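Just the one chain here, laid out as structure tokens, in the form predicted on its own.
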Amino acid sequence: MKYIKKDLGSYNLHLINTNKYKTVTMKIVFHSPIKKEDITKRNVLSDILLQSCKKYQSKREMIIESENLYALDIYNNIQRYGNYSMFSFTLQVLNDRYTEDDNLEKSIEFLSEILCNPDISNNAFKKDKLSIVKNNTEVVLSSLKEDPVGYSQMRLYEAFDKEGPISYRMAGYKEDLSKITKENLYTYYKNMIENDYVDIFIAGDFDNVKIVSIIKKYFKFRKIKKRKINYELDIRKCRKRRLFAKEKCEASQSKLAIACPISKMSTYEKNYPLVLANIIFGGSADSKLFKNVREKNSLCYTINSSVSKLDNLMTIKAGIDKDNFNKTVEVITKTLDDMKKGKFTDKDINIAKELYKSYIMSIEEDPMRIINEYLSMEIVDMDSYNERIEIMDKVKKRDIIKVFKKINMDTIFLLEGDIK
């Protein structure tokens, strides 16, 4: 596999050459400093672009063209990366050698039509298409509680930091949905195209000279842009006393979510000891949380931890019976305290390193994972994923203990099931 980054002025083009796949995958990402009032608008915009475009003015026409291009797949996504909102479209298409010589170019042209030539009239999106998307969005926003795990984490972050980007609901807000018009949505679209920082990633087997020519032909962003702020959120100090928050829900099982802010760490600590610390603590099926909370004490159905480097946060999630709340928090607290005291073995470390190595070695099995790795490397200061294995092997127990001492429980949220 070979990676080349090209600065094309108004955007960066990332070429990932590999012959492992029968497909070519392309992802275009628009980066913008996140604003709470724009989240719903970006979601609606992302969806309305897939309803129609100037050349294909109905969903049916777009589906027919997708089939003509050997059933290519195009999908959209909105995510938060620290202080940024990432608006992306992904194209996955069969390699030309399995179709015809110009199928890849036609597919990239199709994506360009969707993104760069929207279906507008009188400087506005079509009213009927906007109504469809707004109705669909309304349904999504009305059903957030139907995903108890996601909802409990969302409510945890709102309690943890009421004003910061971590508390923003990436699905959007009903009050902002009602403010979207066909005119102001098109104005926002033009602003995004004009001002968002852009990366384009392509992974697969292709000729680099030809693909650069194709991309330049169909994506002509004019303005040279720079990243405006850091991606990483400011480090948040832990409260002197833990904050407890609770909400009832119509379910038999309760969802526990805990926010653990992480004190200032070096780049090395974030990329290596912290990763191992999370695997040992709650990031694997063999973790200390799983053994102590579930196996030894039978206090939960599921439990795990995850780390966001850009948010400087560890999040613990568990499915429990509400009557076990206090005891579960007690055992989780003790487990974290034990980690700070070094109560884990070299065997635990070696298992974590092997799991990490397996994860790294599996990245190349999926083109989207490769693309997302290189996207992360654009945002976070990281070594190439092949270099990481060698560096990770050298991490010592003292490094992991030092990291654990920088992790503290701050906010505890319980989505309490009230059905027995």
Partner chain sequence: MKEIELTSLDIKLYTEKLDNGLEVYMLPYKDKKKYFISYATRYGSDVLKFDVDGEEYAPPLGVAHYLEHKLFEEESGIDPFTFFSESGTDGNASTSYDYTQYICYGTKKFDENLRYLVQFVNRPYFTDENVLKEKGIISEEIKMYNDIPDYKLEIKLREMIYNSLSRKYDIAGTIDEINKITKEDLYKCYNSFYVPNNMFILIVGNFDCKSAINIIKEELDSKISVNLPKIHNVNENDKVNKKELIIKEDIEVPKIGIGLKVPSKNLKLNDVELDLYLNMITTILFGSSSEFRERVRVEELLNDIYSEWESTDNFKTFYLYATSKYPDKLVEEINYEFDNLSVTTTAFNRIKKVWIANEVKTVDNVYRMENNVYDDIISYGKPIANRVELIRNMDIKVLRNLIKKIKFDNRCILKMYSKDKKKL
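Just so we're clear, the structure is a prediction, and the values are computed from it rather than from any experiment. Residue numbers count along the first chain shown, from 1.
There is also a form predicted in complex with its partner chain; it is not shown, and the following applies to it.
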- Should K255 be classed as touching its partner chain in the model of the complex when contacts are defined as heavy atoms within 4.5 Å? yes
- So, in the model of the complex, is G319 in contact with its partner chain at a 4.5 angstroms heavy atom limit? yes
- Query: Going by a heavy atom distance of 4.5 Å, is C300 a contact of its partner chain in the model of the complex?
  - Reply: yes
- Task: Give a yes or no for Y374: in the model of the complex, does one of its heavy atoms lie within 4.5 Å of a heavy atom belonging to its partner chain?
- Result: no
- Go through 280-288, 161-169, 305-313, 217-225 and give me the stretch that gets within 4.5 Å of its partner chain in the model of the complex, heavy atoms only. 280-288
- Task: Please pick, from I211, L94, L233, I120, the one residue with any non-hydrogen atom lying within 4.5 angstroms of its partner chain in the model of the complex.
- Result: L94
- Sort through K182, K106, R294, R80 and report the residue having a heavy atom within 4.5 Å of its partner chain in the model of the complex. R294
- Query: Looking in the model of the complex, is its partner chain within 4.5 angstroms of a heavy atom from every one of N17, A124 and V403?
  - Reply: no
- Message: If you apply a 4.5 angstroms heavy atom cut-off, which residues in 31-65 are near its partner chain in the model of the complex?
- Response: Q51, S58, K59, R60, I63, I64
